[in-house]
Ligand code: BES
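There is one chain below, alone, in structure tokens, taken in the form predicted alone.
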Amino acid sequence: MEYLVKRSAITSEKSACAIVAIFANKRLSDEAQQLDKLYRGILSSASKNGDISGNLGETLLLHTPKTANHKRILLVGCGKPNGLDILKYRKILNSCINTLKSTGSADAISTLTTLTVKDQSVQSLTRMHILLTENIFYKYDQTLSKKKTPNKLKRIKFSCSQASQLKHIKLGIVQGKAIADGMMVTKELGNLPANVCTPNYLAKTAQGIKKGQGKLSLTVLGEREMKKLGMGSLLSVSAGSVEPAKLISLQYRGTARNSKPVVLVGKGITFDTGGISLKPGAGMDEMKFDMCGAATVLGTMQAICDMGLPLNVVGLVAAAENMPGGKATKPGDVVTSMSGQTIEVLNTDAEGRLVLCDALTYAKRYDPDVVIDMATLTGACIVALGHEASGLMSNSDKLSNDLLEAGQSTGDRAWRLPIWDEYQSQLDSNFADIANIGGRWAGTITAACFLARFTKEYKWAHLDIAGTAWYQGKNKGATGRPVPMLTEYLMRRARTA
């Protein structure tokens, strides 16, 4: 999709579809009033006749005469004037773009990026417009014998009337396209079947991201190198699989070498059978999404490279396949992590924390300012928070608040849960320093408490994305979350948001 911006009156533009706003008091936006005057009251008549009231997310498609510069006009209800926040804005865009998609328009001109939305700039609204457009028009067809019909919509032009808006929309387009492309990487990796998207495939994807990026370097550790480093916990997960584990490190240097980096760590279980603690068969196909944390890291690294953010970031991917087999780890086995702590593996289906703990220990070598890990870690998180919010646990109030604010600003929200010391006793073991599960209660929290034992030397946050990384049911597929939250957080650190 191509995105453009032009400072001009909407009446002087030509388009297959002009998108303008109407509010709940049936007041037309300034741009809508201009079109209404141009087309002899077609918009105000529709409002007076009760065809549209202006309620939030309501849409009405109007057709103009064949000789008109605007073949269609899409009226979008925006609710109460000056009553918009980012969540309402997302609802408006979702409704608008879905209607636009159904029209078959080849191009459109949108005035929605200049709406007044609480705590949002024209730049951020432009980013959001692009992200939701790309998400709605996304089609997966990599493994289909017949490719899906290409989208008819090829171009969206953003209209503005002020010079100050022009430059901010231009920057929002660059950022929005970069983030959308990063989400595309994340979604494509998540949607690929596990016989294609293996740990080695993730490593090759990282190589593709590095190509042509002068600020990016790549290191890929194989099982021999990981064994030398003492990563017995991570390697215990891949022991039953013919697919060798990989530890992938993408290092982006966008500022001075002595500036401490943000380290992003992603769980990359390319398929999770549960190992010897085998999962039930129903729905097991969705365990190809168990690498969405890793996919998020790769997508985020793609986005920050495209934006050229002035900060240092390291992306770590702990990739393995969890399979039963003659060499697979068994319940009751004790393994030694890179940190030296021993772990009793009471359940081989609690494998995500076993790969993450060694990656989190490895992260220390980068002398990080903060470390953020993301993982489809626990079903308990879905029970607690459903599919709306990711679970957030952290040893730093500031880091937590920054991530929560970034999530709220993008609609990619999280909710903080405690990791109090009182929960740690649930991980006690008679045979090792720590058990890898903590019993029935507070499963999301005890999983984070496990990881917290490996993150005491730096500021750290854990995002449990089990409920937000993919859709279930007929719309099954990866969501691309939490790339929007992470990129917003990084842009704010770089002061480019």
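Heads up: residue numbers just count along the shown sequence, starting at 1. Just so we're clear, the structure is a prediction, and the values are computed from it rather than from any experiment.
The following text describes the form predicted together with this ligand, which does not appear among the structures shown.
Proximity to this ligand in the model of the complex, taken as heavy atoms within 4.5 Å, picks out 380-388 from the listed stretches 380-388, 231-239, 131-139, 192-200.
Taking the partner from elsewhere, every residue among Lys279, Asp349 and Thr376 has a non-hydrogen atom within 4.5 angstroms of this ligand in the model of the complex. This ligand in the model of the complex is not approached by Lys288, whose heavy atoms all lie more than 4.5 angstroms from it.
Residue contact check for Trp470: one or more of its heavy atoms lie within 4.5 Å of this ligand in the model of the complex. At the 4.5 Å threshold, heavy atoms of Lys267 reach this ligand in the model of the complex.
At a distance threshold of 4.5 angstroms between non-hydrogen atoms, Ile437 is in contact with this ligand in the model of the complex. In summary, among the residues Cys449, Leu43, Ala466, Ala461, the only one with a non-hydrogen atom within 4.5 Å of this ligand in the model of the complex is Ala466.
Residues are counted as partner-facing when one of their heavy atoms sits within 4.5 Å of this ligand in the model of the complex; in 353-371 only Arg353 qualifies.
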